[in-house]
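Here we start with a single chain on its own, the form predicted on its own, put down as structure tokens.
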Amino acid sequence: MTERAVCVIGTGLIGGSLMRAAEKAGRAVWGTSASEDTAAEARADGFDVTTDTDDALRRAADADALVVLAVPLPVLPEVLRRVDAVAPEVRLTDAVSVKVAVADAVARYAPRARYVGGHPMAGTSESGWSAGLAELFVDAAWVVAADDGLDLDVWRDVAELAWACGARVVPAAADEHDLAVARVSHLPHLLAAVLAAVGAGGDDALPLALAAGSFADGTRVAGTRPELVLAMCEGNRDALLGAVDDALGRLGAMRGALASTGGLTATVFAGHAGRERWAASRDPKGVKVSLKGRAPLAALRAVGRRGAVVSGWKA
């Protein structure tokens, strides 16, 4: 495996955790922040972080480093313009929670970059540099885009960075990723917002005074900064609409059953079965793969579709 240097653009929770994890793994790592206060906070913790994105990108080009974009989707075009101007053929990945929109933006604003999309499925409701943890990605799924035509050398770089951070590599096509995260990441944020609003929506304080574990667990991600949730969910609008429609259909059926018979059997049992399936998937099968031969990216997509993870390279 390589020990390729890493340049992180954006040092909030994900970018800051990635810098910590990469350094812990022995990688050379530097980064940038849009905020001088954040950059100073990172430097005080011993990390090489500035606000000069162009300089960081030049350094990445000179070192043949892997650049990781860990910025919100709305500011991505501005950052990609700098990539194209300063380091147009750099090795490039990202940690943004949607993949089709990012791939489209790269094709438009930095078309010469050697881009392979990524998405570490990890986080907390906290944000900012101070919330970062070197262990954030341990045992987490880290999606590495596996669409035809991607640079296999950079694919290897992204996978090996994920492993260095302790994550499990899950290959997936960009559109399939977006459909999946709409159901298991973005819809939960919206449902948490609804649950929190319903719980706090009465005229008296008794419901919140009685709220305990189920309310806390169900609304945890509603504590995320709203602008981050908006960027994530609105950036996956088409896929999210389908997930919302599915949820509304199930809620409508539940309400109809509750109003007519008082029964909730179908909803509760289906939810319990879904949770059990998720629990059973927490120890996925590891598969060693080769990036040589015919259609390696198609083979990688097949690994992800069957719920397995890439655990290493075939000899």
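Everything quoted here is computed from the prediction, not taken from an experiment. Residue numbers here begin at 1 and follow the sequence given.
Although it is not shown, the form predicted in complex with another copy of the chain is what the next lines describe.
- With respect to another copy of the chain in the model of the complex, the three residues F215, L248 and R255 uniformly fall within 4.5 angstroms at the level of their nearest heavy atom.
- Another copy of the chain in the model of the complex comes within 4.5 Å of a heavy atom belonging to T224.
- Although the partner is absent here, G262 is a contact residue: one of its heavy atoms lies within 4.5 angstroms of another copy of the chain in the model of the complex.
- Within 4.5 Å of any heavy atom of another copy of the chain in the model of the complex lies no heavy atom of S35.
- The closest non-hydrogen atom of G128 lies beyond 4.5 Å of another copy of the chain in the model of the complex.
- Interface residue among V154, A141, A134, A103, judged by heavy atoms within 4.5 Å of another copy of the chain in the model of the complex: A141.
- Proximity to another copy of the chain in the model of the complex, defined as a heavy atom within 4.5 Å, singles out one entry of A85, A107, V75, A205, which is A205.
- Residues placing heavy atoms within 4.5 Å of another copy of the chain in the model of the complex fall in a single listed stretch, namely 273 to 281, out of 38 to 46, 55 to 63, 286 to 294, 273 to 281.
- Scanning 95 to 121 for heavy atoms within 4.5 Å of another copy of the chain in the model of the complex gives just one residue, M121.
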